[in-house]
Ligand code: ATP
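A single chain, nothing else alongside it, follows as structure tokens in the form predicted alone.
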């Protein structure tokens, strides 16, 4: 197989963003992404209220969601300049001299958002969910610090998520139904996909124990497809959080602490899987696939 990254850049589908894992997206790529997003929205049986979350969050949210503890290697925090005119001149001189000018910046208390649904739970803090659970569609541009030349490892990417917050039974049923629904949807686009039990890339000494527990409880499933390598990448995931976010944000149901589940579509990865499967000339894609994506 030819190098997918080079082929996408050569045909103007992507452009190099200047650092590993950073890309600009061309119009053809964005049309495919928009089609994927619309397709999955049409499959939502709950007609969920939609939120587009800010790509920037407070650093405190990383603490409240335990992201600092579990995934510090993926975080991105924002610094800013807080000095006076003299310090600004020193900053500029250091930068133009090739020095480490960013050392003169200070923390802003803000961070790049690592997951779309993490913006939802603070909005629900202290609330009781209605019978049947609260259903939401959440999307955001996210960041994870894992630089790579593999286009499936973009540092900035978009997630479209469908989330339920309710009882344990509601959360599990929601997760399982979306997993089957999504497998059918990806296959309808001509993709060869499978669902696999998976775990998140936890950090530190407890990572093996946490990953093993996630696998044993079957809390996370990924839908995988080939992208730039023969080993498939996750393009979507279905996750059962148990009461993690309900406890952290005091969200309840009539019977106790709320539990939650989400189904997440990796919009860039799903688009990349389609370019891998059908080629870089969108005009030559199968007519039924193009129609489903509105191309």
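Predicted model, so just to flag it, every value in this text is computed and none were measured. Residue numbers count along the first chain shown, from 1.
Quick note: we don't show the form predicted in complex with adenosine-5'-triphosphate (ATP), though the next part is all about it.
Partner proximity in the predicted bound form: residue 264 to adenosine-5'-triphosphate (ATP), non-hydrogen atom cutoff 4.5 Å: Contact with adenosine-5'-triphosphate (ATP), yes.
Proximity of residue 146 to adenosine-5'-triphosphate (ATP) in the predicted bound form, heavy atoms at 4.5 Å: Yes, contact at 4.5 Å.
Any non-hydrogen atom of residue 220 within 4.5 angstroms of adenosine-5'-triphosphate (ATP) in the predicted bound form: Residue 220: contacts adenosine-5'-triphosphate (ATP) in the predicted bound form.
Distance check, residue 65 to adenosine-5'-triphosphate (ATP) in the predicted bound form, heavy atom within 4.5 Å: Residue-level check for residue 65: no, no contact with adenosine-5'-triphosphate (ATP).
Heavy atom within 4.5 Å of adenosine-5'-triphosphate (ATP) in the predicted bound form - the one residue of 181, 135, 153, 172 that qualifies: It is 153.
Heavy atom within 4.5 Å of adenosine-5'-triphosphate (ATP) in the predicted bound form - the one residue of 189, 129, 193, 159 that qualifies: Going through each option in turn, the one that passes is 159.
Heavy atom contact within 4.5 Å of adenosine-5'-triphosphate (ATP) in the predicted bound form, the stretch among 55-63, 38-46, 249-257, 234-242: Contact criterion met by 234-242 only.
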